[in-house]
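There is one chain below, alone, in structure tokens, taken in the form predicted on its own.
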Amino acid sequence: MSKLIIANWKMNPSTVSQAVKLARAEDKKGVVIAPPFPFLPLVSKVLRKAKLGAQDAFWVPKGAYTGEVSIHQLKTLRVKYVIIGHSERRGLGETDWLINKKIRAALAEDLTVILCVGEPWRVRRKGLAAAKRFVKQQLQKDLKGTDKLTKLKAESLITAYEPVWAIGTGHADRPEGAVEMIKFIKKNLQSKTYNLKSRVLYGGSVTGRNAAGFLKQKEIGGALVGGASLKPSEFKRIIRSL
């Protein structure tokens, strides 16, 4: 299974022209680009090699839900992937209950889910065992009921391990530490409950300087890249590290 690089632009860039220019620069095979909702239509038209992803989705097909975007609407724009449960959304109050609703709806509609899990520093400071317990609870709550979905396949779900204490701080986890957690996540996904041999990515201050250290690890299936995905030269350096 080849490595996957996901460019999460978050709430960037500022203009449509900047988004189009950035999309063209990062349009590479093995890449998923997740721009803000307003830029999805034009980025969709630009991409030739990369796949299109969304940064979130709502679980109800239509109705009186101001500000939300449905999975069906995303699919009309050729969106193939959706990030769900990113730590920044969890930080804004998104609960595991909401995340579970979104995951089940996306999987039922054949979108590939990129589920983000990871522990905050208040947990990690207690040690690796505490971090594993925290992440295991996230997986249990976020994936509740997905084993009953008949369409669920290994490629339906990608998990991104993103230690919250590493995101946007410039202090990435050590590759060895990330591997330990990713092995643990894979073991849980491969249990009888889910029976999923899904790829698990690393996310958290990934840069052109440290990407190779993570991507050379066979257990790490790729990277979820935030800030560095806004700098074409930096992002290309990450791609070259493969």
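Since the model is a prediction, treat every value here as computed from it, not as a measurement. Note that residue numbering begins at 1 and tracks the sequence as displayed.
Keep in mind that the form predicted together with ligand PEP is not shown, yet the notes after this line are about it.
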Ligand PEP: the contacting residue among Ile99, Val79, Ala166, Leu107 in the model of the complex [heavy atom, 4.5 Å] = Ala166
Pick from Gln217, Ser70, Ser44, Ser205: which has a non-hydrogen atom within 4.5 Å of ligand PEP in the model of the complex?
-> Ser205
Does any heavy atom of Gly227 come within 4.5 Å of a heavy atom of ligand PEP in the model of the complex?
-> yes
Contact stretch among 166-174, 89-97, 129-137, 71-79 - heavy atom within 4.5 Å of ligand PEP in the model of the complex = 166-174
For the heavy atom contacts within 4.5 Å of ligand PEP in the model of the complex, list the residues of 44-66 involved, in sequence order.
-> none
